[in-house]
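Presented below, as structure tokens, is a lone chain in the form predicted alone.
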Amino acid sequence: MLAGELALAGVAIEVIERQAVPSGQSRGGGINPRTSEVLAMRGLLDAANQRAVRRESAGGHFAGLPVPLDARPWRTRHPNGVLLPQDQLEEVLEDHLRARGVRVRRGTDLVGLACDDAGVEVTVSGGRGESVLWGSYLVACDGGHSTVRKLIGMDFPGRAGTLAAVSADVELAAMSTTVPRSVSHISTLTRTGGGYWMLMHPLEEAGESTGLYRVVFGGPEQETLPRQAPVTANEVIRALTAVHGAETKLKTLRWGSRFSDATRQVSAYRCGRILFGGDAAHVHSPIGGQGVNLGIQDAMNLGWKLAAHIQDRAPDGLLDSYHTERHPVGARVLAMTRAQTVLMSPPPEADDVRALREIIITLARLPDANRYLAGLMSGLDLRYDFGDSDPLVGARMVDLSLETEDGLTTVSTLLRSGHGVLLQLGGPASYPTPTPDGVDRVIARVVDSPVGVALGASPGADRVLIRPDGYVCWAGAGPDSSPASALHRWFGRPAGPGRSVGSGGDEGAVP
């Protein structure tokens, strides 16, 4: 995702990938509503939807509790997210890179690096031996066991895991009646038996007796096996039999790996010319598929900032704002997954935890609490602190339907260029504003939208400045309200009149 953002901005990049071929592993369970919005902002959501696993409209979850979380009050076009196995998402992103002429160096290990004020030199090892690459910056997106993090001695504080479990993709030869035939709410896909717990759902259309499934399970056996021990077919068979009965038969174990609920986060997302994203920056329990979504949103935040910095058009402090903004978000996700682990895995005698679960279930059924949890789990509620009291500033821009002189469009479509957008909801002659390179001035009016029109901005606001990652960094009303300082803060000084796109004709205001 980060490589795609940098390529979109015209930055020359090299992508180093240890795996020689795509993994073919489902791993991350899907993308949440905010990540769906992020992919829509880059024109990638349709490709993701084409590869998605069909499911019932079930809503999100908190700690697997039997209360669907409804993201619709957050005015998103994608309240259910997309159930997309991670290997399919990787294909979408790699296709996107290939279309921009970027080649992924597969089967290549990073084995050494040196960094100074001029740049970063890395030694890589591949099929043709070792070679040296040089770049102005290096971003480590190399996972929870990050080689880059270890080579530079970056601390990774946190706590070790308290549970052990297995994630696997399997083909079944036969299924009992308890095996799910379709994907619905997570609370209906989780089952216990024989000392095991198991989450199970199909990865494709399941027949009456066979199918491809993703299984996540744990039990006494998993607690005793070392993390490096290979997952075996017999181990999976024992868990399937305990939970879903002897009628459920394993045909093939495609892959399996072990995981824990270890929780760690680097203290700084930037170390000079080296930055960290995704699991290289933070690890936590995989509850709710938070990891892949957090990583993609890290990349969306960093990409435009790093590109501007490399191209010498970034205002002071822009690149450092990656850590300032995203480190607290990562810390929040770590805390959220820890809380869910407690609720999902109570010890056998933990009556107090079971009592707490009942209270949380009752609360989650209240509309305001449900909205809060839906925003928390999806990231739709995120609001960065930009020092402005307007509730719209710092929050994501709702994907409104708009009319310009070029026709109907949406906010997400306007952001596909990777530029910032100064959206002016008024006549074409109103409030001429010089904009820096990388900011498009768009004149439009709001039309009927399936997500509603209300934005939560101050009444009468008729202009908003939207960053390339879709967050509002300024809102104003009337000719006396100027975005000049916000433009300078996020995009640098204007180099000219900027590019103007479209005209809405009739004047309108953001309610």
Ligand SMILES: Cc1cc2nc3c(=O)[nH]c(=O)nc-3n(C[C@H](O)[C@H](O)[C@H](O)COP(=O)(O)OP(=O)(O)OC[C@H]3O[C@@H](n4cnc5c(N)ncnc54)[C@H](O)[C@@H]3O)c2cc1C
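Being a predicted model, the structure only gives us computed values, none of them experimental. One-based numbering along the sequence shown.
Beyond what is shown, the protein has a form predicted together with the named molecule; the following relates to that form.
Taken together, T35, T410 and P436 are entirely out of contact with the named molecule in the model of the complex: none brings a heavy atom within 4.5 Å. Though the named molecule is absent from this view, in the model of the complex it lies within 4.5 Å of a heavy atom of just one residue from G272, G161, G143, P315, which is G143. Of the candidates D399, D279, E325, D169, D279 is the one whose heavy atoms come within 4.5 Å of the named molecule in the model of the complex; the others do not.
In plain terms, the part of the chain that comes close to the named molecule in the model of the complex, with a heavy atom within 4.5 Å, is 290-298 out of 237-245, 290-298, 177-185, 127-135. Although the partner is absent here, P468 sits far enough away that none of its heavy atoms falls within 4.5 Å of the named molecule in the model of the complex. Of the heavy atoms in D109, some are within 4.5 Å of the named molecule in the model of the complex. Contact between R18 and the named molecule in the model of the complex is found at the 4.5 Å heavy atom cutoff. Proximity of T147 to the named molecule in the model of the complex: non-hydrogen atoms within 4.5 Å are present. Contacts between stretch 27-41 and the named molecule, counted in the model of the complex as any heavy atom lying within 4.5 Å, involve R27, G28, G29, listed in sequence order.
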